[in-house]
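Take a look at this single chain in structure tokens; it is the form predicted alone.
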């Protein structure tokens, strides 16, 4: 079944989501069985389980869906996707919803986009995660008051050798940067 065939006669929001997600048309086959929410390690923290979110999408509740924290609670473990009897790419749909929410300035009351940007900026620069840099930059730029509360934990991690003061680059960082740049070019 083609995306265009499935997308006829549906809301613009659902159509956009389908077009922005590989195999996104599978959402039309959702049985509302709840396997996704039952499999999710973070469902208790979500405003709505994926099952409910899909029902909201079908009901064209764009603003409510994009303002929800559901997509931001997704940890990309793919348990929901692998357990879905209809083979719906749930995790990929969550990524599409994140992109839409960011584009429309709706991040569900979370700082997840800022944290993700801090992480990707550091990976772009060093090729790996750098805990002190992530925590420091993210909190300094987004939650400076909360940064002070993290001091004791940071000192404890440093004392136990669990956190480096300075970042280190991976070998052949230029190759990783070329891959990242090509991926960004292809996503435009």
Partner chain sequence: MKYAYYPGCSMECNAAAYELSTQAVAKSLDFELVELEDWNCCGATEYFSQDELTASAVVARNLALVAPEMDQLVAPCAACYCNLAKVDKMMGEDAEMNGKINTALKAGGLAYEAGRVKIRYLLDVIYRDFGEEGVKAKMQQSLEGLRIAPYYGCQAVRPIKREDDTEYPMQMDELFSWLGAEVVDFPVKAHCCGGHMTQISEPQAFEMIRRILQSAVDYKADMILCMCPMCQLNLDGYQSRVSSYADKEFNMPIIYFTQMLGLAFGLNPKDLGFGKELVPALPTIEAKLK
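Since the structure is predicted, the reported quantities are computational estimates derived from the model, not experimental observations. Think of the rigid core as the biggest set of C-alphas that the two forms share within 1.5 Å after superposition. Residue numbers count along the first chain shown, from 1.
Keep in mind that the form predicted together with the partner chain is not shown, yet the notes after this line are about it.
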At 4.5 Å between heavy atoms, is residue 106 in contact with the partner chain in the predicted complex? no
Exercise: residue 38 in contact with the partner chain in the predicted complex, heavy atom 4.5 Å: no
In the predicted complex, does residue 47 have a heavy atom within 4.5 Å of the partner chain? no
Using heavy atoms and a 4.5 Å limit, would one call residue 86 a contact residue for the partner chain in the predicted complex? no
Per contact check vs the partner chain in the predicted complex (non-hydrogen atom within 4.5 angstroms), the hit among 60-68, 30-38, 47-55, 145-153 is 145-153
For the stretch 126-165, which residues lie within 4.5 Å of the partner chain in the predicted complex by non-hydrogen atom distance? 127, 128, 129, 131, 138, 139, 143, 146, 149, 150, 153, 156, 157, 160, 161, 162, 163, 164
Per-residue C-alpha change between this form and the one not shown, residue 118, threshold 2 Å, rigid core fit: yes
Once everything's superposed on the core, is residue 153 shifted 2 Å or more at the Cα between this form and the one not shown? yes
After fitting the rigid core, is the C-alpha of residue 132 off by 2 Å or more between this form and the one not shown? yes
